[in-house]
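What follows is one chain in structure tokens, specifically the form predicted alone.
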């Protein structure tokens, strides 16, 4: 089991009457012994594979490459893992039932994957609900498991209301990484899946790249050492939480677990590897204090159980101190400013691309110009490179850009899906 430590970044000084407190809490997981990796937890991995009719529209290259990717992922599984394969059409079908990843079981699954055919529509809610049933059955028989899924699609979902309902049921049961192959799917739909189920979202522009992406996702899943880590936040009576947001390595809005209200709230963060760091932005509203008053505005700790009396690790304090010293209150903490700017960057990209899609060139130019300016200010070179595929940059510092007349749709979708990836301060 890894150990956790935390560090708080904030300027606690507030002017008279101020009631908002912002802090970044950086949490690090480390192996129990320096230089040694933490032992991996027991993994259950579900593959949710789109086999609708559109997977054969390009001469079935997408389906062939998807099969190869699934086969290579299955070959990576350890024998102490569990796995299953769900086929996605209008209705989900189980191709491979939940089972241990023995050599014989993997060989039989690979044979079944190679023989599958495409056909039908796309209703992701049914895929997710069937995966939920499989994960819950595994947990009933095996107890605590690290439950991760990989969903691949090449098209738009049929039935948004069903997807919203399915995600409500699946949240807290498993994490899901969503991937779109080609350009005929919707970023907003897969981002919704990734956000609600604490996973990642990305485009795989060419089918031939699927295998490498699947291997990378499974490789990270195999490194998970502990499941269901929660942030437990205490706030004083009368305070409220404006938001709790993961800001690194990716922006994820976290929702409190059901049943946790009042002064103590639990925010599920999913499973953790033995060695990793994540940063969280807490925005709290408190009752303004008197000048000179010092308040404990919040207390954050990690718990490995939903039990109210579970011991907290890596506890950190968020403070509020009211003063009339303008030199103190005018300072914005460097780390808070960094992540606030990156949140604005993601929003500018998404709004700019939406305006471009709607035909509003003026708004698109203004928003994407602001994105270029923010990316340059925060040293986000990877985002700047993606922006250059969508706009011609005249002046980075001023955010002066020109929309390109012809844009590869895959480039725009890559910019959109990766807009929530952040860069940590050195």
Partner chain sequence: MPHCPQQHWSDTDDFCSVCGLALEAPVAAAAASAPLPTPTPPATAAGECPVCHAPRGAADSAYCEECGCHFELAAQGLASAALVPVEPPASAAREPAAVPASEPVATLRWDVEARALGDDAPAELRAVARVFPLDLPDQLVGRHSARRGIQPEIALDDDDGISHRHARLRVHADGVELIDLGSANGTLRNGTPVPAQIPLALHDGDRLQLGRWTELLLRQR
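Quantities reported herein were computed from a predicted structural model and do not represent experimental measurements. Numbering follows the first chain given and starts at 1.
The form predicted in complex with its partner chain is left out here; the points below concern that form.
**Student:** Though only this chain appears here, would residue 294 touch its partner chain in the predicted bound form if you measure heavy atom gaps against 4.5 Å?
**Tutor:** The answer is yes: residue 294 has a heavy atom within 4.5 Å of its partner chain.
**Student:** Look up in the predicted bound form whether residue 299 has a non-hydrogen atom within 4.5 angstroms of its partner chain, and give yes or no.
**Tutor:** Residue 299: yes, in contact with its partner chain in the predicted bound form.
**Student:** Within 4.5 Å, heavy atoms only: does residue 186 come near its partner chain in the predicted bound form?
**Tutor:** Outside the cut-off, so no.
**Student:** With the partner left out here, check for me: in the predicted bound form, does some heavy atom of residue 236 sit within 4.5 Å of its partner chain?
**Tutor:** Within the cut-off, so yes.
**Student:** Have a look at 209, 332, 108, 242 for me and say which one sits with a heavy atom within 4.5 Å of its partner chain in the predicted bound form.
**Tutor:** None of the others qualify; the residue that does is 332.
**Student:** Among 362, 398, 392, 381, which has any heavy atom within 4.5 Å of its partner chain in the predicted bound form?
**Tutor:** After the contact test, the surviving option is 398.
**Student:** Choose one stretch from 176-184, 161-169, 142-150, 286-294: the one whose residues place a heavy atom within 4.5 angstroms of its partner chain in the predicted bound form.
**Tutor:** Selected stretch: 286-294.
**Student:** Even though the chain is shown alone, can you say which residues of 112-138 have a heavy atom within 4.5 Å of its partner chain in the predicted bound form?
**Tutor:** Heavy-atom contacts within 4.5 Å come from no residue here.
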